[in-house]
Ligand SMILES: Cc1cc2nc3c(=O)[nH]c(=O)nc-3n(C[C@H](O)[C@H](O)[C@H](O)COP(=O)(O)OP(=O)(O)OC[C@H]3O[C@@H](n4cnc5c(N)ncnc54)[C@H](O)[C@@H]3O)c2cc1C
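Before any questions on how it binds or moves, here is one chain, the form predicted alone, in structure tokens.
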Amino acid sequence: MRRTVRFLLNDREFSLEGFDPTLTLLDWLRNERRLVGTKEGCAEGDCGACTVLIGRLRNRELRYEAINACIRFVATLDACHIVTVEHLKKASGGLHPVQQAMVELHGSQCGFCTPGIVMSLTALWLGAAQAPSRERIEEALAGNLCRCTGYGPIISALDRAYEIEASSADSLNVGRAEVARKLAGLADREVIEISEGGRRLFAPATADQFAELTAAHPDATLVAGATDVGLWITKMLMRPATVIALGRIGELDRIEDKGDHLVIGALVSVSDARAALGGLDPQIDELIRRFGSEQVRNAGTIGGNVANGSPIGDSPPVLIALGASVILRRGSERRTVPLEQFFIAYKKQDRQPGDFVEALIVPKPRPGTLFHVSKISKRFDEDISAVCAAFRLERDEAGLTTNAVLAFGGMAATPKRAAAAEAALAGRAFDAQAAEAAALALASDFKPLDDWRASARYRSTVAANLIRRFQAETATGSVHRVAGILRSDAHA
């Protein structure tokens, strides 16, 4: 058992012990280190003013990602390299190329959000030898809110940064080998325990250690990226007595391609899962692109999104439509449960004390399968779904439906299949009449949620219309569907 958390902050090594187990990185940076370039805007991972870079070893390769410091616990950053805006500079000591470009193009006005924007752009800069597309830059900045500017100068700043200096010359790229060596020296296989005032956080390094800890502490709060639990701390002022942080367990952070299916470890980030799941269908890729901000996708995990059990989580409807199963582990015992059966009631899953989600098994769609994904929300980016739908339709040689899976989020207390609507499609051609029958059958499948995101009537109408639209687009082939966007073939 080790009672310290060890990491690099900019160009210094730190070893911390005896602190609040849920102390956020933002509070530690500002209050303890006086690194006040990292700002607090929302304290819930939405505005991006607190964006920093986190470097960690993945398969012995050092990778830097943008994350929200306001909801990330310091105790979860063992063997990581934390980079704040104060550390950015050219090799000569002057302004970093991204900072210089922001100055030249007047990308900042009040400046409050600017440090976070600079860090998001720098994350892109580090990983690309040449300027990314405008669409990619906009995607990376979707989690950085600015009330003063129109984003045009900010987007242009990254192109200008490449003109100022090649990204290969960035000090973080030049020094990668040395930082990787230091991080490897900090990593070990000890269980970390951080405690203060009777509250504890454990950070196991292996899945077996995790299994032992969950058996010993079945009521512990499990934390991966803290994109949800972080808000318990900052907004609801909760202080869980025992936390088990999972980010050090490399064996649960793997994706295996088994030919006809994928095995995705519970700790695979949403960003990493996008490459695998998005390759199954472009609509899944687009849905994951709208899964929170890039900072949230880098921290949040696909297993956490499932284990959370939210009725409006984005991944469960898609995974249910694909026929996914969840592998649950308790001690050395494992059992596999179809994901559609995993969700029992609101925030209640088929998990016994000591159970944890170890991995997901995701079948690949068969050739000829019709697939559809839609996310309906008030805002296009960084918003929770009012309705999320995923449909999979398989047909025989005669064009008759042999298997229909219509999965919805936001329509019930759990992510759920529409059994009556599916039955309305069985054994018949997927034509307008069949789609209409399925749409009408939804009334007996769901009594939708009625809240500030959408009324029950709105959700019922939208859900039915999504089935109708799926059929219309499938029949005509005249449009390319990408998770809520209609595009002509010329722009597909």
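Sequential numbering from 1, following the sequence displayed. The model shown is predicted, which means the values in this text are computed figures rather than measured ones.
Separately, the form predicted together with the ligand exists; it is not shown, and the next lines address it.
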| query | finding |
| --- | --- |
| Interface residue in the model of the complex among Val179, Ala207, Leu231, Leu370, criterion: non-hydrogen atom within 4.5 angstroms of the ligand | Leu231 |
| Contact residue in the model of the complex, from Phe202, Trp125, Phe356, Phe343 (heavy atom within 4.5 Å of the ligand) | Phe356 |
| Non-hydrogen atom contact Glu61 with the ligand in the model of the complex at 4.5 angstroms | no |
| is_contact(Glu65, the ligand) in the model of the complex, heavy atom dist at most 4.5 Å | no |
| Residue contact check: Asp253 to the ligand in the model of the complex, 4.5 Å heavy atom | no |
| Distance check, Gly313 to the ligand in the model of the complex, heavy atom within 4.5 Å | yes |
| One stretch from 194-202, 411-419, 262-270, 166-174 that, in the model of the complex, holds residues within 4.5 Å of the ligand by heavy atom | 262-270 |
| Contacts with the ligand in the model of the complex, stretch 206-239 (heavy atom within 4.5 Å) | Leu222, Val223, Ala224, Gly225, Ala226, Thr227, Asp228, Val229, Leu231, Trp232 |
